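To begin, one chain is listed below as structure tokens, in the form predicted on its own.
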Amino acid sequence: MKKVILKKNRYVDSVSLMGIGDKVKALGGIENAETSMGSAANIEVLQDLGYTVPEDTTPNDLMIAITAESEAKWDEACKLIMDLIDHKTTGEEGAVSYKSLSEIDLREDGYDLAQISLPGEYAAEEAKRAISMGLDVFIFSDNVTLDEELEIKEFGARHGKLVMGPDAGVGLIKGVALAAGSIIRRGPVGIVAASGSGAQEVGCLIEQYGLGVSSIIGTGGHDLLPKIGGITMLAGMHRLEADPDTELIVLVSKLADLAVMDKILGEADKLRKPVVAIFLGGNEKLFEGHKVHPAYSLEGAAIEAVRLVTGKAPKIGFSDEEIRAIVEREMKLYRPEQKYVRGLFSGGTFTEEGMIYYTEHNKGVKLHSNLNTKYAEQIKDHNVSVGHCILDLGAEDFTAEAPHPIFDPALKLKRLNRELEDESVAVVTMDFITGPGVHLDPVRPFAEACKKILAERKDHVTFIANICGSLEDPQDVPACKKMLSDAGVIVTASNYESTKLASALMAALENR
């Protein structure tokens, strides 16, 4: 039985819809289960899967699409979906569900933070209502105007409350992972970040190097724009300065407005605790006159933080000699027509970190990307890669067509297969992001695909991958790494290391 039903005028945010399909398929007798809002892009996805979507579907309607072996199984699956959405089955004994903030009595319930995942047009008012109740807010919602963001953040500052977001993708507060964040081991390093994937990478590497994280305070990607002026980054720094569990603070962002960054660094100079800063794409001149410890890669920021806390810099990953040996081995396996490196990324910051490294270390080599950036030429059609092409699959041109790849890997897997139809491809590099709020099995389909490709193709392709995740994440990161390695994928310790290896292969391909 294959059918779609609508829940008219029932909005459910993407965070709440994460992982529902996997839980429903675990019932048995369910071939497929999809829950999404009735946007034009989501309707097209369901139609491509063979579903007939009701003609009266609107963007305000919740679509439930199920393929089951029988009508009884279909009904069972639909009931479970609604129970999950209505929080009737949470897996936590004593869990409480509320329908609005007005139902919460903070004198009895003791909450101190609200995560907001409403449509952008409603998020600002709910955020201010939560702040008025004495709550910090984490705003996952996007499509909040810059004027509204400024208003919320100034309102939060007047009330002494943190406003994380809008469009904040990663957070970790008192050991609780927010949105797409990982469950990183508790420790002495606090992070304030305008980059979600960047913050997660630094935090997970710090854990990998033997320490842990006290908090990750996500600011949202617009916080360092001149109009906002770094309100949340400044507030986050002072929150961590006052936190007895935090010994050192790391600031993470892409390169932003120079005046705002200088203001942030000037305020960091006044803190008693040491501060490490990575403004991806920045150089030594940016840090001149400041006492902040600079870093120029996400991996470098994690290493510097651990060095300052422990007195010893960690060393994990391939040596330069090992990279040279891998390049020599792989180059012997390519056919002459294989010339190019392709990057398939879920994290926008990982995409940019890679392009910055390629630009600096592969002088004169032309890069392409779907992004509009100074580091690469923008491709005319995001569906068609050209030359050395580094793609951010989480960018709007891709997510307008399908869910973000950290929530549903289908888009990324489809793109991998498309890239491998191009006989000029020699190297494919990928990232994977884990955590309780993202897809529960993001690696397996890629490991299976890579193993099949390496077994069946007449030519050789080098697959390089890194996993941004923690030991406590439900996906079991060590098992995922083994799965990739067993499939013939070269697994690296970080995005920076993946890029370093891919860059060396790019240089060898260009010079042969």
Partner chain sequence: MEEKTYASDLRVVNVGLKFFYDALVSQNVKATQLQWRPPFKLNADVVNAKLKLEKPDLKAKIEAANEKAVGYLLNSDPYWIDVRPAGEVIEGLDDYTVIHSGPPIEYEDMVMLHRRGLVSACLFEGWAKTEAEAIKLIEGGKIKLLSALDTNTVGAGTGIITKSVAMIITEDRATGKIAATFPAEGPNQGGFCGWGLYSEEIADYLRYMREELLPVMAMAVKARGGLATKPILAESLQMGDENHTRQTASDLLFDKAILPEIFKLDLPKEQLMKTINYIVETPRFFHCFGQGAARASMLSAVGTPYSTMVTAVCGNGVDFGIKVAGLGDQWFTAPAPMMKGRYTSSKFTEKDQLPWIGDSCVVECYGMGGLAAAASPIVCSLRGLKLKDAIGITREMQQICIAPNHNFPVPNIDFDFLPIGIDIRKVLETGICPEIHGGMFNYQGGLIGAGSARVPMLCFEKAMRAFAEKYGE
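Residue numbers count along the first chain shown, from 1. Each form is matched to the other, and the largest set of C-alpha atoms that superpose within 1.5 Å is called the rigid core. Model, not experiment: these values are computed from the prediction.
Keep in mind the form predicted in complex with the partner chain is missing from the figure; the text below concerns it.
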| query | Pick from 371-379, 107-115, 392-400, 293-301: which stretch has a heavy atom within 4.5 Å of the partner chain in the model of the complex? | reply | 107-115
| Quick one: does Met430 come within 4.5 Å of the partner chain in the model of the complex, counting heavy atoms only? | no
| field | Touches the partner chain in the model of the complex: Ser132 (any heavy atom, 4.5 Å) | value | yes
| request: Decide whether Leu178 counts as a contact residue for the partner chain in the model of the complex under a heavy atom distance cut-off of 4.5 Å. | output: yes
| Would Gly198 count as touching the partner chain in the model of the complex under a 4.5 Å heavy atom rule? | no
| message | Which residue, Leu101, Val365, Leu286, Leu265, is the contact with the partner chain in the model of the complex, using a 4.5 Å heavy atom cutoff? | response | Leu101
| query | Among Ile183, Val260, Leu411, Ile356, which has any heavy atom within 4.5 Å of the partner chain in the model of the complex? | reply | Ile183
| said: Check for me: heavy atom within 4.5 Å of the partner chain in the model of the complex, for each of Glu34, Asp48 and Tyr51, yes or no. | reply: no
| request: Pull the contact list for 119-133: residues with a heavy atom within 4.5 Å of the partner chain in the model of the complex, in sequence order. | output: Glu121, Tyr122, Glu125, Glu126, Lys128, Arg129, Ser132, Met133
| said: On a rigid core superposition, would Leu471 pass a 2 Å threshold for CA movement between this form and the one not shown? | reply: no
| By the 2 angstroms cut-off, has the C-alpha of Glu448 moved between this form and the one not shown once the rigid core is superposed? | no
| Taking the rigid core as the reference frame, is the Cα of Asn60 displaced by 2 Å or more between this form and the one not shown? | yes
